[in-house]
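Starting off, we have a lone chain in the form predicted on its own, written out as structure tokens.
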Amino acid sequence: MSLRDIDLEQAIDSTRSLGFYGLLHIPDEPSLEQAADSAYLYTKDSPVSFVLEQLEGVFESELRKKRLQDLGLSRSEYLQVDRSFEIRASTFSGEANIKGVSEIKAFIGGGFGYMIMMFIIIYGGFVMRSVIEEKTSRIIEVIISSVKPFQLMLGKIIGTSLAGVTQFAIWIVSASILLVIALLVFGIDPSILVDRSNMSAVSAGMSSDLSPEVFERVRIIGKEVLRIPWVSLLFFFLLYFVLGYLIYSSIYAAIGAAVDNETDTQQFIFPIILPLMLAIYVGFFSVFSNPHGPIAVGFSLFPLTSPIVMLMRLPAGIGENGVPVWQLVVSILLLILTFLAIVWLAAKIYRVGILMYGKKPTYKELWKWLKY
């Protein structure tokens, strides 16, 4: 929106009343240099750096163009000088690479990691609410007369985890069937993305507005996506989901046994969710920029975050150019050891708290229960 025939104060008032983000004021000066030096951006609050950088980039481009034209460079010559450049890349074996493939792989892994986080929270909440319901209805007193508290807790955890795995399996099978149906309906041959010899035949049937360069880029991306070790990725997805769920659901079960109603769980929920949220955000930032850096490796080994961060790294493969085998083995072993330790601690809280009524527990009391 352009405001030309009113003064600055009126323009600011109009911008504010219309609800726009800000007003860029470029005064009428004799030269572009003077106009740029006198330009101001008016906003309601402090503008974000991204907006300022975008505007500064536009000014810098126009100023550079004007300075070069003043030196005798024509517009066509300037466009030739200012032409963007993208370096070509390939593997040592000669296969072409393009920018953004690693990010796509990390994003796919991040999707799996996010699913693990959501299902841990959802199914962990199921375990916690089930324990609270049985405790408040006093059914738990009848149940523990037949089984030990540890057996009851472990049965709830394993049963709910199997329900989650079953749901995952249904999704995977359904998605595979839908993919096959889509390929058959649209007549798409997946080998086209891998076989370069079919490129000319396919491009001949494509619309004329899709250039060979664009098709080659799509082909490379599709080829890299197909080269992701989907079988091992799905296997480790289920493995990390089960191990991560067993760890967190043990904590959820202990919390459910310690309280009398769901409202009292709020003080204990945030410390549980914090590592999961940290894994998502730190995983995306670190894995996208440097998947083999110390931050990505550290969070993929730490048991409370490894089910998510390691899934972000696995689309790159295992072994050379991917996740080293020793890191994968250490990550799984640490998860198993952590699960055993947390189950042992959670069982102590569960055993004492399952028959405690009428008192809101504190962290200090939970610590005492661990010593019983």
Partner chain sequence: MDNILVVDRVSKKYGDYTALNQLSLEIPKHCIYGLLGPNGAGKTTLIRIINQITYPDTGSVYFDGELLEPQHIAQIGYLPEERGLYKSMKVGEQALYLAQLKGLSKTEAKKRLKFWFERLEIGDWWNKKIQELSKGMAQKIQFIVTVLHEPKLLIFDEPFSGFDPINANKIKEEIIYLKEQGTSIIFSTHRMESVEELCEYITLLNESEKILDGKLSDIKKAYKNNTYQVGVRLNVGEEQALARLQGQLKISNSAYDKQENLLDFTLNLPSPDTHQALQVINGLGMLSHFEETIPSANDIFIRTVEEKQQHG
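Computed from a predicted structure; not experimentally measured. Residue numbers count along the first chain shown, from 1.
Same protein, other form: the form predicted in complex with the partner chain, not shown, and the subject of what follows.
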In contact with the partner chain in the model of the complex (heavy atoms, 4.5 Å), from 228-236, 129-137, 165-173, 271-279, is stretch 129-137
Given that the partner chain is left out here, which of 144, 295, 115, 104 has a heavy atom within 4.5 Å of it in the model of the complex? 144
Report yes if any heavy atom of residue 75 sits within 4.5 Å of a heavy atom of the partner chain in the model of the complex; otherwise report no. no
Heavy atom of residue 363 within 4.5 Å of the partner chain in the model of the complex: no
Can any non-hydrogen atom of residue 357 be found within 4.5 angstroms of the partner chain in the model of the complex? yes
